[in-house]
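Shown below, as structure tokens, is a lone chain in the form predicted on its own; questions about how it binds or moves come after it.
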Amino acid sequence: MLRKLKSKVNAVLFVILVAAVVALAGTVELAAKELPPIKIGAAGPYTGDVSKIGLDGLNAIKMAVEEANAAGGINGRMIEIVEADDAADPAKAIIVAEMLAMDRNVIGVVGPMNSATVQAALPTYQRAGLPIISQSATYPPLTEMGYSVMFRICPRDDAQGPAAAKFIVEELKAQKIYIIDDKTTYGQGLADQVEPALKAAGVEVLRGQIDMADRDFSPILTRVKAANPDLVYLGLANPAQAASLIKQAAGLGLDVTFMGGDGLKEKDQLIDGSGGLAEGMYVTSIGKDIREVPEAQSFIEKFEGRYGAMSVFSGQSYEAANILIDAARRAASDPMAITRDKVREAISKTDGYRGILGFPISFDAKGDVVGASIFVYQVQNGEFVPVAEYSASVSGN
């Protein structure tokens, strides 16, 4: 009788134990599922004149987040993207920054993409302690104003401009240059770096300006034709506008070599948009074309299979998003202890991150990328072909 009672007690205890284990497992699973999402902002021009570049960058960010979530998110917390369209407008960029700053679940931002929008929004991001990683804002002062939240994975214009000038002087042997800029922080800022480097080398420099809204370029092109320069340098932010200017130049009988900055390295808008008239043109690039990087081939195949041809900053957008995600994972072992300040500190300690850009990424004390190069490409047979490479040091050497 006693043995039977003991057996029944053991059976009951076993059932209770199994139930407890099942309940505990369910509680853990439920807790994991109930972890609130962690958010990253994606700030860029998703409408407006340069929306093609912005939307392709956004799609690259989405790919990085999808891959991270498939791998468990950030220490078990799924990642959500807060899309923030600034339309490349500094005023809108401030509103976007305020919106992202108010959402305390946003722990970092990829973007903004344009130098002018970064410059306008930086004070807001700094006040909120919200770190940003720009994939394409090259205006030098952005990392010279003491904003601890500012990081970028692209070299600065005071590296790109002198590199362009070096190529013009040493390789093209040009003696007279006409510079046209669009009065934007990026376009005028880049031109402001090219001009003194050319003058220091003894090159004659003439200069004029257009507006980003301009569509008729005959007034300035008439002046360019009269000046008869060896090369026209375009400090323009919109590759479609550059293509239109090049077509109008041909219509006026202006036979001259063109060169521009990284923002113009867009096959669809510049090469195809010019109807083949951009053939022979040179552009500088703030990084190697990722088609030349073995580590990028899987990304390219996946991106183009889903969205079509990449824009110039698609790879940089993907890289910036992955660096931000990596920093968030390193910020705290407890997924609920991840804060903006910890993420900012983790970004600053990024050391030799290897992704798809072809070089290990680190940041200096100002937030500038370390170890990048400036490349020069020429349009040959409807494609961008690399012709030169320079260190991305500020001296341009």
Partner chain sequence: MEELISQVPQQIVNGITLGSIYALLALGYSMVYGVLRMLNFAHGDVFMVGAFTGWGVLMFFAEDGQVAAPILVLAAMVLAAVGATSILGAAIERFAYRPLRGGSRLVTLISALGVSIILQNAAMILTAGRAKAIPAELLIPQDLVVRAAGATISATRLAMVVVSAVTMVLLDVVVFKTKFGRAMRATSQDSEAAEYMGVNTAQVIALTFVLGSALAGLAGVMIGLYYTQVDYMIGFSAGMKAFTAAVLGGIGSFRGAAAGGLLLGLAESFGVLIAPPVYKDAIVFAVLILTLILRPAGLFGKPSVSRA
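What you see is a predicted model, and the numbers here were worked out from it, not measured in a lab. Numbering follows the first chain given and starts at 1.
In what follows, reference is made to the form predicted together with its partner chain, a form of this protein that is not presented.
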In this chain shown alone, the residue from G146, G253, G305, G202 with a heavy atom within 4.5 Å of its partner chain in the model of the complex is G253
Picking from P141, P123, P219, G76, the single residue whose non-hydrogen atoms come within 4.5 angstroms of its partner chain in the model of the complex is P219
Could you tell me if all three of G48, Q209 and G275 have a heavy atom no more than 4.5 Å from its partner chain in the model of the complex? yes
Exactly one stretch in 35-43, 353-361, 333-341, 48-56 has heavy atoms within 4.5 Å of its partner chain in the model of the complex; which is it? 48-56
So, S244 and its partner chain: in the model of the complex, are they within 4.5 Å at any heavy atom pair? yes
Is D214 a contact residue for its partner chain in the model of the complex, using a 4.5 Å heavy atom cut-off? yes
Heavy atoms within 4.5 Å of its partner chain in the model of the complex: does A226 have any? yes
Is A240 one of the residues lying within 4.5 Å of its partner chain in the model of the complex, judged by heavy atom distances? yes
